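Below are two forms of the same protein chain, given as structure tokens: structure 1, then structure 2.
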Structure 1
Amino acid sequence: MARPARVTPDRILAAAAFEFAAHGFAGARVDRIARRARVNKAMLYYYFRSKQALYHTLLRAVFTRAAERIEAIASGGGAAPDKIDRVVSTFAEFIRDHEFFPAIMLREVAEGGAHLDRQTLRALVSVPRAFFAILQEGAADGALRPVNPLVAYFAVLAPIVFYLAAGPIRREVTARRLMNLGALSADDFVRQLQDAVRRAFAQDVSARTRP
């Protein structure tokens, strides 16, 4: 049941996601967000009190949604290495559904989390928390080597975010013929990263049970 009253703020949020991802908080222009959302600028301030409030709302929504997906994997069934496979593919899928996510994630890390209020930080932290639970489960039953959880966390997630965020630069490099980067679809990247991660952290690499 569509609530028409919701559609305007949602359009604003979608436009804001695009703008903040492309230019960062300081570089984003409220005028551009309003124009892209096809609403009047005063309307934007009517729904969101300020540029900051708009940004905070956006961050909270997106980090909460991301955390939910990872938590679902951790608390679901399956062997630990398979769960890690699923973390990789789910994260990539989440980014496909939220193209603005990698850029905003990178910027927020660079910013030192300056725009993350407690609730948002809590959502963000629940991602590594869920991931650590998978690692511990795998170490306990011998499916995973015992490794430092932070190392594993960054080894798994950083490549995905970075690779998908770097798409525009790769296109620029290719367009200027500075280097010949072969074709590599996002799905292929995911599969090969799953493979690398399994070799890096699974106790028995040959135990492949990918669907």
Structure 2
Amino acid sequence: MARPARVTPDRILAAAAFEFAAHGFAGARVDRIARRARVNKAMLYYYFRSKQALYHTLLRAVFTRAAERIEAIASGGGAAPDKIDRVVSTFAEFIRDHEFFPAIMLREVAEGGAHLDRQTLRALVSVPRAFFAILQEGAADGALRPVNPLVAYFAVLAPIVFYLAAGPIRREVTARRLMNLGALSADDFVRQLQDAVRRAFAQDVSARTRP
């Protein structure tokens, strides 16, 4: 007789990610999460005392992992423009690795962050904070022009989130021959966004040399 799969918090979190992305916080059901994770509700509540605790744990883990990747770029070697390139590709890779994330966050944006507590928000802001450090470094050494860091952050992140989140719509539009939205691959999108961001943030050397 086959032994049951070992229960781990990560397995429950993976099931929760699917459920929250599909139904939002309000529509998510603990019994569906338990079934997908192949655990009983008592075991789920053993690891996570409530649906809210499960949701917060999931988001904090995602924000923390994202921040760690951006912090590694910020503290690593290379010029600031090259670091910005790596941030763009890292954001895209991260969101592709966490396909549930755009749906959850777009719901939270639409609902005004109603389900984000202080600790989860603290984890969230660690991501832009790491990005801001790269902008400050680049502005200080003259490699990047001074820009509002929040505007810069959303100029990088928002196109990636919406492009990847809208994948099913692009495929449907293309399949119905309404418009060919399949010609641009995700990799091409990232490369063109890197080029656009680099141009937008680049220091205007000519302006500094004008009389």
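Along the sequence of structure 1, residues get numbers from 1 upward. All values reported here derive from a predicted model rather than from experimental measurement. Rigid core (definition): largest C-alpha set, two forms, superposition within 1.5 Å.
- prompt: Looking at both, which one would you say is the form predicted in complex with the DNA?
  reply: That would be structure 1, which is the form predicted in complex with the DNA.
query: So with the core overlaid, does the Cα of residue 39 end up 2 Å or more away between structure 1 and structure 2?
result: After core superposition, the C-alpha of residue 39 moves 2 Å or more between structure 1 and structure 2.
message: Given a superposition on the rigid core, I'd like a yes or no on whether residue 178 shifts its C-alpha by 2 Å or more between structure 1 and structure 2.
response: Yes: residue 178 shifts by at least 2 Å between structure 1 and structure 2.
message: Is residue 26 displaced by at least 2 Å at its C-alpha between structure 1 and structure 2 when the rigid core is overlaid?
response: After core superposition, the C-alpha of residue 26 moves less than 2 Å between structure 1 and structure 2.
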